[in-house]
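Structure 1 and structure 2 below are two forms of the same protein chain, each written out on its own as structure tokens.
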Structure 1
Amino acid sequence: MTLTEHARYSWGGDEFLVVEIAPDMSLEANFVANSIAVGLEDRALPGIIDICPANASLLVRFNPDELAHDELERTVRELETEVKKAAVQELDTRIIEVPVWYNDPYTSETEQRFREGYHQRPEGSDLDYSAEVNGLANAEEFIRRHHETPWLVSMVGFVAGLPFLFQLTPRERQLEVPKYLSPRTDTPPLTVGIGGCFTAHYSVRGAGGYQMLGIAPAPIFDPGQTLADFSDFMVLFRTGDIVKYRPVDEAEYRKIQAEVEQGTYRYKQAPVRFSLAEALADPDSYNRSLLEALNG
């Protein structure tokens, strides 16, 4: 673990503890945030209301009438030390395959309504612009680079069920694209977009500023919990999940939509143990092992 500095602890009123692991997102900082969250949940302290890990921080909401401030802080600091000093830094999680119809007509129509005054390249498309700023030949190459490597769910929030994902590849090969100059007032539900180094998977229709890449056929937020993948919780993704996007054409997109309507659709997924050391030491080899676990 390269994070040698202690996290920064601060209080939000009487009910919130904020733990800032690092000023910037990194695999190491996100691993610490997720591991502390898991450890705190395992401790089952009375008075804990919610534990919210984010990109490089952690927010804990608690009832001060049931849990003293100093006890909570002491416990979290102990967990921080344990995580950073652990000889083996691993996290039990899962890898999920998410089908995406890239360059679809729905996001393409929407982006054309938000060009002049909204976008850096009014004359083009989001995919063309994304390829250009990454020095890639065309939109097809950008799409390939987007789906060929897994992504880590670094946080879930902003809108119910919306994940932010960090690409599991060396920093120099990560895709990075500026957000719109001015946010759109419309984004189709289940749009997959990119802003900065993060992919965002829009759970519902609404405003947005990420460059739109495609659209997914299956929900990631199911308040009615009608699909089996949502039997335990209405939100699909959890921090620490690993996502592999898979490109589909219109025919498969429609087929999956029909399965969703029938209540029979299941996401392809497999349990994995995420190893921070292996992911940092040889990302390409480690990604291959993750995909092998997903594909059996």
Structure 2
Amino acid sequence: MTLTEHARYSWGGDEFLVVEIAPDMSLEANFVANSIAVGLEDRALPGIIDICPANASLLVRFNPDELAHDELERTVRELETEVKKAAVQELDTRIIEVPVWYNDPYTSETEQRFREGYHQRPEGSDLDYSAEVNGLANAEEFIRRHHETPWLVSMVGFVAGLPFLFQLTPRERQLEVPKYLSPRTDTPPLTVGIGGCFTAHYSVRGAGGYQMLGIAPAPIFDPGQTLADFSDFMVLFRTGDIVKYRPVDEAEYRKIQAEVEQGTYRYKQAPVRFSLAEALADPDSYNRSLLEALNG
């Protein structure tokens, strides 16, 4: 572990505890945040309202009339110690394949409306700019690098069901791009974007500051719960889910949209046990084993 010995504990008014595992993003910090969240859920303390694991931190909302702040802090500190000294660090999760139409006309049209005053490079496209700042030859190269390795859902939030995803590859190979200078007021629903080292998957139409890469044909937030993948809950992603993007062309994008329309679309997915040690020790072969689980 490269983490400091203790996380930083701070209070958001009288109802929120924030635990910053580390100021910088890493798989280890995310794993600790998620594991504390799972442990706290299991303890079922009365007075806990919400447990929100984030990228490298954890937010807990509680009712101070039912749960004393020092009791909450003591419990979370115990869990932090347990999680960090656990010999086997694993999460039971799943890998989901998400089709994306990269370089699509919908996000291209939107990004052209937000160039001057919003973007670092008003003359080009988001994909060209993202390729350039990563020292890659062109947009195609950036797209390949984006979908060739899996991503981990490191946080869900911002708006309903929106996942932040962290690329499962060593830091030196991770894609990293600046966010827009000033956020757009419009982003097409189901846009896949990238900002900092995170991919985000815009669940609903609205504001956004990430560079836009493409668009997905199937929903990730389904308040009507019309598709089978949403029969348990209206939000698809959970923190800890693993995502493999699969590039599709316009024909397949339309075909999947038609299946969504008919209510028959299912995401391809498989259960996996994610091992932090294996993922860190040999990322390339570990990623291959994750993809084998997905493709059977």
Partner chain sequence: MADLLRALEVLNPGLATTVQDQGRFGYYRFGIPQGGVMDQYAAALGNRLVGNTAAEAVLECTYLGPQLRASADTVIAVTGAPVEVRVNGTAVAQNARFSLAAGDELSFGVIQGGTKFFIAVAGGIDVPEVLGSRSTYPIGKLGGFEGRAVQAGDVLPVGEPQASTLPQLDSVPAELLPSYDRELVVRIMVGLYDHKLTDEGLRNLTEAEWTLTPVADRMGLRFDGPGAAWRQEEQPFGAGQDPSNITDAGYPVGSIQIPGGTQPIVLHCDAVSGGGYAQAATVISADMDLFARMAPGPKCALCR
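Between two forms, the rigid core is the largest collection of C-alphas that superpose within 1.5 Å. Here, a residue number simply tells you its place in the sequence of structure 1, counted from 1. Not measured: the values here are computed from a predicted model.
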item: Chain form predicted on its own, by structure number; value: 1
item: Displaced residue check between structure 1 and structure 2: D282, CA, 2 Å or over, core reference; value: no
item: Distance the CA of W11 travels between structure 1 and structure 2 [rigid core superposed, Å]; value: 2.4
